[in-house]
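Okay, so here's just one chain, in structure tokens, the form predicted on its own.
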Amino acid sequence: MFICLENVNFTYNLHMPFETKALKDISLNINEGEFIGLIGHTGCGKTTLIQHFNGLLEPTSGKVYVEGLDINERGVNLRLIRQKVGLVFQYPENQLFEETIFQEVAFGPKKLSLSEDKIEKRVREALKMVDLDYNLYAERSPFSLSGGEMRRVALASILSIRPKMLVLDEPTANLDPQGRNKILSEMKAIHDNFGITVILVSHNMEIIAEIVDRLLVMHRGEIILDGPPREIFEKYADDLIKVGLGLPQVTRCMHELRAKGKEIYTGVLTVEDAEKEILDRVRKSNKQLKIKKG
């Protein structure tokens, strides 16, 4: 098990007039190599939760373990923890500060006191992972790039320290469809090719449902659903609608067909899934009709 939370509570402005309980008794296990989507409305506690994964926030009560180590215990090396758990905040391009992309991506490896050769190797590897050509981009200013490219440079700066887990807070916010699809496809490739544990945080179910293997649904500081996306959309559609999250458009269409009396599987994630399901049902119906006529 990579990360374990035990009965974690967190309250902002504790014992003050504007005290706000952001996390409520959360217990959660995250295994190495998982690809997880964390979904919920703005203000439900998603960002607060992920900041507990590498010790940026300390729980008001409860325990957080990374690889079995209590990260809030006195004397724990938080720098080492943060090398293992790379957190990419929303709008990471706002945190870029170096003159060149090389310097930006090399910042982390330099802090690890690596040799110049090893630093360059890390930069080359990280840029390749986000599909940016080293020869074309290394000496450019990060501020000369498009929004999507700047976000990929920010991601490369985290990848260059070789984390075991990547946590991305709203990685597609304010990107055009092309930039959004590029980021998501790269996240999928990084997970599949390098085995890095990935957590994508979003308030938009449709954006991440297709690519993650496990979905965590948050509402008012609690994790209310946890499981494979197909299972959640099949069994808990009403719960999602009650908390105002809704369903991906194609999934909603399948539920509407079910409501009209069609015997159809509703846990679909893509148009291709829906097309196959509908065609299978049509073929089955035609076969049954031929049997009855015969």
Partner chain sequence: MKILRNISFGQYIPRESLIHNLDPRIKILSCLAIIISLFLITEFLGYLILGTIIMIGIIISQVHPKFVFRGLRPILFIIIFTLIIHLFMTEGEILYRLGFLKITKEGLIRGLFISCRLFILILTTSLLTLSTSPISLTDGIERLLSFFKFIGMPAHEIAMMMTIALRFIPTLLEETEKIMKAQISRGADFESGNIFNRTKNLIPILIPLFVSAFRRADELAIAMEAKCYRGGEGRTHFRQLKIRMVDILTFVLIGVITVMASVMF
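Keep in mind it's a predicted model, so treat the numbers as computed, not measured. Positions refer to the first chain, counted from 1.
Heads up, the form predicted in complex with the partner chain isn't pictured, but that's what we're talking about next.
Contacting member of Ala237, Leu57, Leu225, Leu28, with respect to the partner chain in the predicted complex [4.5 Å, heavy atom]
The residue from Ala237, Leu57, Leu225, Leu28 that makes the contact is Leu57.
So which of Leu96, Ile211, Leu145, Leu132 reaches within 4.5 angstroms of the partner chain in the predicted complex, heavy atom to heavy atom?
None of the others qualify; the residue that does is Leu96.
Is every one of Leu49, Arg162 and Thr197 within 4.5 Å of the partner chain in the predicted complex, counting heavy atoms?
The answer is no: none of the three residues contacts the partner (heavy atom, 4.5 Å cut-off).
Report yes if any heavy atom of Gly221 sits within 4.5 Å of a heavy atom of the partner chain in the predicted complex; otherwise report no.
Looking in the predicted complex, residue contacts with the partner chain do not include Gly221, since no heavy atom lies within 4.5 Å.
Taking the shortest heavy atom distance, is Ala138 within 4.5 Å of the partner chain in the predicted complex?
Ala138 lies outside the contact set for the partner chain.
Report yes if any heavy atom of Gln90 sits within 4.5 Å of a heavy atom of the partner chain in the predicted complex; otherwise report no.
So Gln90 counts as contacting the partner chain.
Find out whether any non-hydrogen atom of Ile183 is located within 4.5 angstroms of the partner chain in the predicted complex, and reply yes or no.
No, no contact at 4.5 Å.
Please pick out the stretch from 123-131, 74-82, 212-220, 187-195 that is in contact with the partner chain in the predicted complex, where contact means heavy atoms within 4.5 Å.
Heavy atoms within 4.5 Å of the partner chain in the predicted complex occur in 74-82.
Along 147-165, which positions have a non-hydrogen atom within 4.5 Å of the partner chain in the predicted complex?
Result: Ser157, Ile158, Ile161.
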